[in-house]
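The form predicted alone is given below as one chain in C-alpha cells.
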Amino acid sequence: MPEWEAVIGIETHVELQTNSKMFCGCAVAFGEAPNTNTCPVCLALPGAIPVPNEEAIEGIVKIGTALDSTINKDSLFYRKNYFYPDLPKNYQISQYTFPVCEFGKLEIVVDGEPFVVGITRVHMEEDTGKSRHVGEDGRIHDASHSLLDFNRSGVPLVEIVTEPDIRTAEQARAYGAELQRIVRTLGVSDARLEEGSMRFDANVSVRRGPDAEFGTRTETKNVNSLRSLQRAITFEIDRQTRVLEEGGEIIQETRHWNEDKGVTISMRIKEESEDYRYFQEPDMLPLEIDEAWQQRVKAEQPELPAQKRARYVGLGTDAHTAELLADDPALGGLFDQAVQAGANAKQAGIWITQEVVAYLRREEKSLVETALSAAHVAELSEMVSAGDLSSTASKDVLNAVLAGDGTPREIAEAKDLIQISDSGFLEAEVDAVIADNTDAFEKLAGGDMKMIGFFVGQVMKRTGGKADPRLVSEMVRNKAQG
C-alpha cells in the first residue's frame, strides 16, 4: 500500500506598514494603550463610511508583482460575514471573486532542490480587533473573562494564499521564510512574526500516495513563528496519519497550535466559503488598477532576495554566505560597497558574515555603531592579496578596525603584523633552514610532500611569524623539485 503523503497549503496574513488604517485615518501603531487608535469607521458606528487607503493598495500590488502574479485591472471589495466579539461590524471587508492579484508563484529551495509553490491569490482585507482572554493559559476555554482591544481593527491586511503544492513541513518553513524576506525587501511590512504583523494558517491533509484524492483538511490558525509552523504541520501530519491508520475519520475543523505542549487543539468546525455569505461591499466602488500604475510598481521593484543571492554567488561567494548577506540589508549593503571598492568578493563575504557578525553579537552593537567602512574592507582585502598581511592576522586587524583603532594598514603596522614578502630575504631564510635540516630535506626531495609544512613552520619561527607562508611554501617546493 502506498505511503501516506501530506498535502499542505499556507494562508499568510501580512499587516502593511502604512501610516493609517485600511478604511479610515486612524494611526497604525503596535503596543499603544488599548482602544486609543479608533474612530467611528473602525468601530463600525452607524453611518460611518469606509474610504480605501491608496498606499495599502499599492502595497498589495508590490507583493503581487514580486510573486509574479496577474494584477487584475478591476477588483471588488466584499463583505465576509461572521460573528465574533473582536469584529465590530459583524463582517470583515475583504475580497472574494475578483482579488487584486492571482495566479502567481514562488520558487523555494529545500535541501538544494528548487521547488515551485503556486500562489492562488493575493488579496486585501482589514484586520480584526484583538481579544485577550484572562485566565491561566490565555485561551478562551479557561478564561474568566475577555478584554477587547480595537486598535488593530481595520489595519491593512494582505492575505497570500498558496495552491496545495507543499508536501513537507520543511518545504512549508522554507516557503514562509522566503515570503518573509520578500515582504521585508519590498518595505511594505516589518513582517515581525513575534508581534503578529505576519502570521500563518496551515491547511493540512494526508492521502495514500500522490495519485489519491485529497483527504479532509484541517486549518491550524495564527501560527506566529517559522519554527512553530514546521512543528505544527509535522504534528498535524502525524496526528492525521495515526487517526486514519486506526480506522478513524478526519474532521474538517479549525485548530490551535499550543507551543508549550507541542500539539494542535480543536477549536471549531471549519467553515466553508458559503458560510460567510459573501456579497459585494455596497459602500465602496470597484477598484481600478490601471496599466500605468502596474508598470510603475514593476519598474520600481527592488532586487528580490533570490536575485540578490544569485548575484552574490556569481560574484564568488558560496551559497550559505550569499544567503546570510541577502537576509541582512546592512551586511549586504556593506558587501556590495566593498566589492565595488575593489574587495575580493569571496574574502569580503566571509569576513562580513563571520568576523563582523561575531563582533556585533559580542559587543551587542549594530553595524552603524562601529567604525568599519566599505573602504576598510577593500583595503584589508588588498593587503591580503598583495601578501602584506596573512589571513590569520587579517581577522585581528578587522576586529581592531571595528573597534575604531584606525585603518587596516595603520593597525597592521602598529601591531607589527606586516608580512615579509621580500623574495630575496625569504629565500635566504629558506636556504638556512634547509642547511640546518638536511635529512628532512632529503625526505622532501624524495617525494614526502608532508615535509613542506615542517619547513614553512621553521621559516615562520625564524621570522617571528611574519613571513608570507604561501611564498615560503612555493620556494621550498621549487627547491625540492630541483
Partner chain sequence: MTDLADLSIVEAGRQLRSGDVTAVDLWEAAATRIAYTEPHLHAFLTVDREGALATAKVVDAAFRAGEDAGPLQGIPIALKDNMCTKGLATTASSRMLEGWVPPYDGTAVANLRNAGAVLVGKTNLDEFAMGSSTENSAFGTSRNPWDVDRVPGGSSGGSAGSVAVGSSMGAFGSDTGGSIRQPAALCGVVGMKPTYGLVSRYGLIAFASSLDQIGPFARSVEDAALLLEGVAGHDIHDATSYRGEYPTLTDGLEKGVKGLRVGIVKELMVDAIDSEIRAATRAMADKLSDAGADVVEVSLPSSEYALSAYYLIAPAECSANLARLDGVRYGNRVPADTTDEMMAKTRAAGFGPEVTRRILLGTYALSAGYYDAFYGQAQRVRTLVRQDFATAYEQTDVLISPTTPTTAFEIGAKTDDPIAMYYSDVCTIPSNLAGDPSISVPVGVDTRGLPIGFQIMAPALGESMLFRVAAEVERLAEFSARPSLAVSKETV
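Worth saying up front: this structure is predicted, and the values here are computed from it rather than measured. Numbering follows the first chain given and starts at 1.
The same protein also has a form predicted in complex with the partner chain, omitted here; what follows describes it.
Participant: Taking a heavy atom within 4.5 Å as contact, would all three of A66, F103 and P114 count as contacting the partner chain in the model of the complex?
Facilitator: No, the candidate spot makes no contact with the partner chain.
Participant: Given that the partner is absent here, does G31 sit within 4.5 Å of the partner chain in the model of the complex, heavy atoms only?
Facilitator: Heavy-atom contact with the partner chain at 4.5 Å: absent for G31.
Participant: Spell out, yes or no, whether the shortest heavy atom distance between P282 and the partner chain in the model of the complex is within 4.5 Å.
Facilitator: P282: contacts the partner chain in the model of the complex.
Participant: Could you tell me if L148 has a non-hydrogen atom within 4.5 Å of the partner chain in the model of the complex?
Facilitator: Although the partner chain is absent here, L148 would touch it in the model of the complex, with heavy atoms inside 4.5 Å.
Participant: May I ask you to state whether P85 is within 4.5 Å of the partner chain in the model of the complex, using heavy atom distances?
Facilitator: Yes - in the model of the complex, heavy atoms of P85 and the partner chain come within 4.5 Å of each other.
Participant: I need the one stretch from 345-353, 89-97, 175-183, 238-246 whose residues put non-hydrogen atoms within 4.5 angstroms of the partner chain in the model of the complex.
Facilitator: Result of the contact check: 89-97.
Participant: Please tell me which of E195, D318, E107, D275 lies within 4.5 Å of the partner chain in the model of the complex, judged by heavy atoms.
Facilitator: Exactly one residue meets the criterion: D275.
Participant: Which of M449, I49, A432, A414 has a heavy atom within 4.5 Å of the partner chain in the model of the complex?
Facilitator: Partner contact (heavy atom, 4.5 Å) among the options: I49.
Participant: Heavy atom within 4.5 Å of the partner chain in the model of the complex: which residues of 22-42 meet that condition, in order?
Facilitator: Counting only heavy atoms within 4.5 Å of the partner chain in the model of the complex, the contacting residues of 22-42 are P40, V41.
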